[in-house]
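Shown next as structure tokens: one chain only, the form predicted alone.
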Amino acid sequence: MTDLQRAAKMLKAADGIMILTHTHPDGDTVGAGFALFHALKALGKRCFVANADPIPPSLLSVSGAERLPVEFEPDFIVAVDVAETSLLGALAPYGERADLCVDHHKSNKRYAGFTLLDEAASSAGEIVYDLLGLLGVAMTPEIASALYAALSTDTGCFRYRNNTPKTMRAAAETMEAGADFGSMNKIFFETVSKERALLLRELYGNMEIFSGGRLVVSFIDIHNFPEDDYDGLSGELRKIEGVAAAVLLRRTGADEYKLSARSNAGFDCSALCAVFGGGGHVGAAGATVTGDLADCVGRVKAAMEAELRRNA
């Protein structure tokens, strides 16, 4: 473990920096990663952002054009919003050599040489925001837009329980510094692709509400749409009146499902997902479940009911 001051000192001393972001990139890993990238470039550092998967179209405006060149061999590796090396996909070998990890997940595996972990932070972007002043970097419109993407998406446009007054103050500063928040809000929260609409139909068509209306589970068997169309689907189920927790099982292979859990107060998604070898936050977590669909749904329902009783 390390603190902000030591992490900033490490980054100031480093060069040839690779910034690792997780597979199926979301707004936090991309926004935090590129905010750090722009900050380090302002310090004259040679650095690149690396991801095993393509950046979703919705995030291209904040990700920048510079990507990892084939010939780049890093002297310093920092992972951003990556709780474990398996989340790096083909870049996992670099994760095993990571010098620093900047993260907010309590399930972080402490794989890096030093871990800057703040479980109270809304996002990795909020931690990068804290680093800016210690790095002596002014917030440019590029940095501000990247940070706003991280802050807004990981808090569900500032609606989730992980949102705090500090988060709001950070977001206000990004807006004052030139973040294109109007356009990003439209893209992130008010635009739905045709593929997303079809997934929503599948989501609601397959849902099962049980335990007296307190729990809901659904599954999706469509797996050939763009990755960002799947983001936040379990959160849609969490909106149902009276629901404490919602789980979505999405097929990712033969007898393999990605479990995404979201909850309201009184239910620990991280504890639920730990049953299946996963983890995350109290209000949002994930895991992988294997077996035929009926078996997976049955085991997930039983685990959800057990967690609901534990919190009763």
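Just so we're on the same page, rigid core means the largest C-alpha set that superposes within 1.5 Å between forms. Small disclaimer: the values here were computed from a predicted structure and weren't measured. Quick note: we count residues from 1 along the sequence shown, nothing fancier.
In what follows, reference is made to the form predicted together with another copy of the chain, a form of this protein that is not presented.
Enquirer: May I ask whether K186, M207 and I240 all come within 4.5 angstroms of another copy of the chain in the predicted bound form, judged by heavy atoms?
Expert: Spot residues vs another copy of the chain: full contact, yes.
Enquirer: In the predicted bound form, which of the listed residues (R97, K106, R161, R110) lies with a heavy atom within 4.5 Å of another copy of the chain?
Expert: By the 4.5 Å criterion, the partner-contacting residue is R161.
Enquirer: Of the residues T140, T115, S86, S193, which one places a heavy atom within 4.5 Å of another copy of the chain in the predicted bound form?
Expert: By the 4.5 Å criterion, the partner-contacting residue is S193.
Enquirer: Counting only heavy atoms and a 4.5 Å cutoff, which of 116-124, 209-217, 77-85, 98-106 contacts another copy of the chain in the predicted bound form?
Expert: This holds for exactly one stretch, 209-217.
Enquirer: Are any of the heavy atoms in F181 no more than 4.5 Å from a heavy atom of another copy of the chain in the predicted bound form?
Expert: F181 belongs to the contact set for another copy of the chain.
Enquirer: Is there a heavy atom of D221 lying 4.5 Å or less from a heavy atom of another copy of the chain in the predicted bound form?
Expert: D221 lies outside the contact set for another copy of the chain.
Enquirer: Closest heavy atom of N264 to another copy of the chain in the predicted bound form, within 4.5 Å or not?
Expert: Flag for N264 set to yes.
Enquirer: Does A92 reach another copy of the chain in the predicted bound form, with heavy atoms at most 4.5 Å apart?
Expert: No, A92 sits far enough from another copy of the chain in the predicted bound form that none of its heavy atoms falls within 4.5 Å.
Enquirer: In the predicted bound form, which residues of 164-179 put a heavy atom within 4.5 Å of another copy of the chain?
Expert: In sequence order, T164, P165, M168, R169, A171, A172, E173, M175, E176 come within 4.5 Å of the partner.
Enquirer: Once everything's superposed on the core, is H104 shifted 2 Å or more at the Cα between the shown form and the other one?
Expert: No, H104 moves less than 2 Å.
Enquirer: Any chance the CA of A244 moves 2 angstroms or more between the shown form and the other one, core superposed?
Expert: Shift of 2 Å or more: yes.
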